[in-house]
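Structure 1 and structure 2 below are two forms of the same protein chain, each written out on its own as structure tokens.
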Structure 1
């Protein structure tokens, strides 16, 4: 009976042309989806799940004869007791605190300028995006020269503008300044993407709102404050959140220019992770850091959803 039942649909598909086409369509769809699903599984889902497992073991980088042991939350406890971890978390927080106004402000200002109907607007849009396509390594070469102490271009310009009253700054060598220097070059490199997102937000505000405000006698500032700013609220949330997530992943520029120094003033979470994994060869420890990093990013992303829902986007 059961045999018959299961046999029935197969015979139908074999003889009925429409069903055969359905089936071949299904195979095609599976075939088209498969490469992405397989790759994402192997290179994203599996390592992601593995990171939770590795975080609870004493896995070394180079395989040792002694078997890998499960050590529970010991890695996490060790990290939470490590001053350098807290320093790195504090540093990326400082970085975030500075990069948000500098980078988002620059992006917002340039987007406002380029949103106006000015000659060569598209040319300037292309030009202003150039730093964003510049590799971080190249950015480090450029800013490495700009930051030269004591006679680098940046110090010269500051000295000139202040009439020599401001002493040359050791941008990357002074623990007080090093992180702020990293902020400057990071903002210069990455603001272009946020600028484009702001341009999209500005285009999304209907012209009728501006016309209505003009008829009501609103001046340029009032139009900006009562039409542009409310219209951009979801864009602001989006830009602030992706900038914050980016900030917590800070690595390349620090690894190249300061290696976390001077005096750990530019040590970051990812740099701390890479160091513990590859210099100290404690992969379990490093994986625990990566789990913590993921949790931080997850919390920020969930916060964004909550905020965006409030502005119903």
Structure 2
């Protein structure tokens, strides 16, 4: 009895430092998370909630004498009944479907090449990354010159190589070629960013894995398939997700080169939203488009991640 009574204060005294350490660790974790949570709240959650509220009203861009009214989901229903919205959604889906293999494949191939021990490889890394840091407006002006019909440099090269058998192509004026032209210049401008991410992923794969594969008699393709590809699984997921999100935000190229034409063949959701908000001054309508676009991108990103996880990519 005496021993039990004397042991109790000792146990209580021993738990105090542990609980104090737990509280200190908790405060430290909260302090580290706080800046990210505050920034996400200010720049993501609050703007989304404000956009959702504006989408439920007939808010114009410029204030008018008539009061702003709450109209519920009318803006969303009007958008879903608009053929031009579905055309723009189809166009941007088509653009995404084309840009993913072209841009990511080009970035991956370039990263694999520049990961080898080549002379001047740092110079070529900077050279290939240069378009990614060039303004999209400048890129559009350059490619707009290349796409000129019928005497642009690109048509002249094709005519020379084909001996004149291929007629000049109206790259931006033909509905069959306009979106392909946008894909071409977009992939060229942005692939450098994905290339840098792939290079970082390649440098993160330990050399010991390649040495062990060589000892086991694996050839170059087997080392690529069984060492490089599994080592780049997280990189593949990250690159696919960010490229998809960037593709759905397609706007600048369309606004500068085609303005959504010809015959709405390059109209995109963001271009449709900007026209509704600034040209037609329907801020509530444009906010509803932005909410729909956010939800579409969110669902696609989640599905993409689940699909890649299921196939262990």
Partner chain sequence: MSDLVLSTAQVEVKPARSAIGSLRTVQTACILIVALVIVSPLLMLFVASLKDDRFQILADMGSFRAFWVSDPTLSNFQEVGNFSGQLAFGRYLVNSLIILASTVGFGLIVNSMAGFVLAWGSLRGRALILSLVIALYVIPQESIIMPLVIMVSRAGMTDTFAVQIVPWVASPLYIFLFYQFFAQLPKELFEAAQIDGASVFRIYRSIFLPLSLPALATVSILMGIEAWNQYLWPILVTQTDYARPIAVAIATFFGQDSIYWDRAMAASVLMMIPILVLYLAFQRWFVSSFVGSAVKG
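Residue numbers count along the first chain shown, from 1. For the two forms, the rigid core is made up of the largest set of C-alpha atoms that agree within 1.5 Å on superposition. All values derive from a computational prediction rather than experimental measurement.
| Pick one: which is the form predicted alone? | Only structure 2 fits here, because that chain is the form predicted alone.
| task | Verify the C-alpha shift of residue 43 between structures 1 and 2: is it 2 Å or more after superposing the core? | result | Yes, residue 43 moves 2 Å or more.
| task | Kindly check if the Cα atom of residue 87 is displaced 2 angstroms or more between structures 1 and 2 relative to the superposed rigid core. | result | Residue 87 C-alpha, core-superposed: shift of less than 2 Å.
| message | Once the core is aligned, does residue 31 move its Cα by at least 2 Å between structures 1 and 2? | response | Superposed on the core, residue 31 moves its C-alpha 2 Å or more between structures 1 and 2.
| request: Can you read me the CA shift for residue 303 between structures 1 and 2, rigid core superposed, in Å? | output: Spelling it out: core superposed, C-alpha of residue 303 shifted, distance 4.4 Å.
| field | Distance the CA of residue 156 travels between structures 1 and 2 [rigid core superposed, Å] | value | That residue's C-alpha sits 2.6 Å away in the other form.
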